[in-house]
Structure formats: C-alpha cells, structure tokens
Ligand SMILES: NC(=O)c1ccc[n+]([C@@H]2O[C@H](COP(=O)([O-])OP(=O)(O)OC[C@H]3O[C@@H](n4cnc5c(N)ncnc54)[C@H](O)[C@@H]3O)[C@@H](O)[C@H]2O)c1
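Below, in structure tokens: the form predicted alone, a single chain.
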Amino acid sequence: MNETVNVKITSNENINYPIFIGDNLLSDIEYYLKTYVNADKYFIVTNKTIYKIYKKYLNIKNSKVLVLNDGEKYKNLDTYNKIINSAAKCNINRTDAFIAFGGGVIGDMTGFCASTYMRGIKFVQIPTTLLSQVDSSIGGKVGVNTNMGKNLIGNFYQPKLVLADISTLNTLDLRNLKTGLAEVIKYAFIQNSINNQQNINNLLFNYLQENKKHIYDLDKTTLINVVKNCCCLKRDVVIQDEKEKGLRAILNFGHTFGHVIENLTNYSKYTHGEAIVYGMKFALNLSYNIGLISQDYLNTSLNLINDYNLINKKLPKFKFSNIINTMQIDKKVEHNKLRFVLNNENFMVSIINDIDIDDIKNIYNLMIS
C-alpha cells in the first residue's frame, strides 16, 4: 500500500514535487531518481550509522558518497564546509543533485548545502527516521545550528523528491522511534488550525489514541497512514505559507521551550523529540494558565502525551535568566516580544505575542517541582 502526497506551491511555479510513502521503496531508488530528478551525477550525504545499514542502496550510478559523524552536535558550519568542499572535489555542478540520506540532521544540512552550492542545485530527501519522514524532510526548511541557537543559519529550499520508505523504521531503536512520535503528536494538536484537510481520513488525535499498539508494533499500514496524514497536514500548511510569514509558525507548537532545552544542554542530553515533549507540555500548561483551554482539555491532551511514554528523563533545572535569554534569540521572536504557539480548544492553536515573563517562570517552576 504505497501512497503519494504532492506538494505544489502555486505562488512559485518551480515548486511541484512528490512525496512517496511506502514499504521497500529503496529497492527502486534509481527509478525514482531517473523519473523525478534526472541529474547527471548525485552527491549523497549520509552518516556512519545509516551507511552501515543501507550501503547496498547507495551504490547508485554516477554517484559519490560522503559519510559524516552522527549527531545534532555536528549540525554546524564546520560540517557545512566539509560537505561543500567534498562536493567541489567531486566536481559536482549545476546539472547534478545532492541526496540527503538519513534523519533530520542530514536532511537539514544537505538541503542547506544544496541551496547555497553554486547558488543552488537540485536535492532529494530520503528520510530514514520517523521524525524526518513526518516533518523535517517536507517543506524546505534547511539550515545549521550555531552556539547561540538552533537553525539560526538557514534557508527555505524545496527538494525535487521525497522518498519515505517506512521499512527504514524497522532499524530505529525505541528512543528514536519515540522522538519521531513527539512530532506526530504535535500535528494532532494543530490539525484543526490547518485548512484543506480533505486528505485526512481520521482526526489524528483519535487515531493516535486508538492505534498506539499498532504503531509500536511497527504495523506497516498504520505507519503509512500516520506518515501520510502528517505529510498532508504539513503540505497544507506549506502551500499556504512557504516562508513562515504567518500560518506556518503553528508548526512550531512545542518548539519555543523545546529549543531552549536543546540549546542549554548542548544538543547532547535530549533528542529533538524529547525536548519537544517538554515543549508541548509547557505550552499546554501555559495555555491553561492564561485561560485559553479548560482543565478537561489540558488533562486529555497531557494524557495522550503521557500514554505514549515518550521520555523518562526529568526536566533539568536551568537558571531562569538563561531560559529567557535563549528564548530571546529564537527565530520566532518579533520586536523583542516572546511568541508562543499556544493551544485553543478543539485541536487548534494560536500564535500569542508578548507572553508575560512571570507566566513563563510560573510554568517552568510547576514543571520542575
């Protein structure tokens, strides 16, 4: 049961690409590349863990492979330079294409390199984690981190093709599966703020309540449904607001505080999804605290997050001034005002400007108590 989600951004006639979702798609990787990309040469960027597992699929005609170290801590300008210089040494030019083969870190960095190399060449996303299949491989956000914050250097640059093979999820450890599920659950909270939902068969929140066992059992049909639903939701946001001028910011639900956790722990203690779990809980409690949602809605929402048991680590105790300082350099800050994506009832969210620092402090103290 393979599925296709088409991304066509009418405001930019050059952006029209397919997302293929299915089982064992990697066996036909050369067919997809020839049909939908048709580059002269391919520069494949992956990491050591992925390369060890999927080396047989990367023996693509007219290709070169660069294998990087694993981890978010390598998502930086040093690695950017390594990718760019390696591509140049391989004589990659404007008729060629970059392929990101891996998770979100590989996808973000490779896409950013493709967007700047020779002022932009084609690139392909082949996401191998649940997190990258439902989120980072779609929509064209690419970039690298700095010591000051996450994705502070980046671009909007759409791929030519996304190939999401759910068989790759069989090789994920439980922790990395859960980090992807955090982003899946995020979509459930924002679903009704997104228009054009004709491709969504079930309300995602209910689907997740009913199918936890099937998801953790890696049932193929269930996983394809989950990935497709999330891709449709993100597609429907991106086609309305490609460069985050308004609606697309709702995709940052849970990310304002989540990015603080990642930054203040040097991207080493928590996975992205684990940080977003705490970010969503923070946003839900803040929403309740300022009167946007009821106690029942808060409890129902937290119950879904807790039922998936996505993280067992305690929230660190940070110096509060460091939390605020980190939030102030977040990309979502406008006019020096702290902005949060907060919950409304009925699986909707709003972007709220100028949140009171005392409210932030109260919620943080509640969560570490």
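All of these numbers come straight from a predicted model, not from anything done at the bench. Don't overthink the numbering: it's just position in the shown sequence, from 1.
The form predicted together with the named molecule is left out here; the points below concern that form.
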> Taking 258, 287 and 339 as the candidate spot, are all three within 4.5 angstroms of the named molecule in the model of the complex by heavy atoms?
Replying inline: no
>> Does any part of residue 344 reach within 4.5 Å of the named molecule in the model of the complex? Heavy atoms only, please.
In response: no
>> How about residue 72 - does it come within 4.5 Å of the named molecule in the model of the complex, if we only consider non-hydrogen atoms?
In response: yes
>> in the model of the complex, is there a heavy atom of the named molecule that lies within 4.5 Å of any heavy atom of residue 168, even though the partner is absent here?
In response: yes
>> I'd like to check something about residue 108: if you look in the model of the complex, is any of its heavy atoms closer than or equal to 4.5 Å to a heavy atom of the named molecule?
In response: yes
>> Please tell me which of 281, 160, 178, 141 lies within 4.5 Å of the named molecule in the model of the complex, judged by heavy atoms.
In response: 141
>> To verify the annotation, which of these, 67, 324, 302, 53, has a non-hydrogen atom within 4.5 Å of the named molecule in the model of the complex?
In response: 53
> Which one, 224 to 232, 209 to 217, 79 to 87, 99 to 107, holds residues whose non-hydrogen atoms are within 4.5 Å of the named molecule in the model of the complex?
Replying inline: 99 to 107
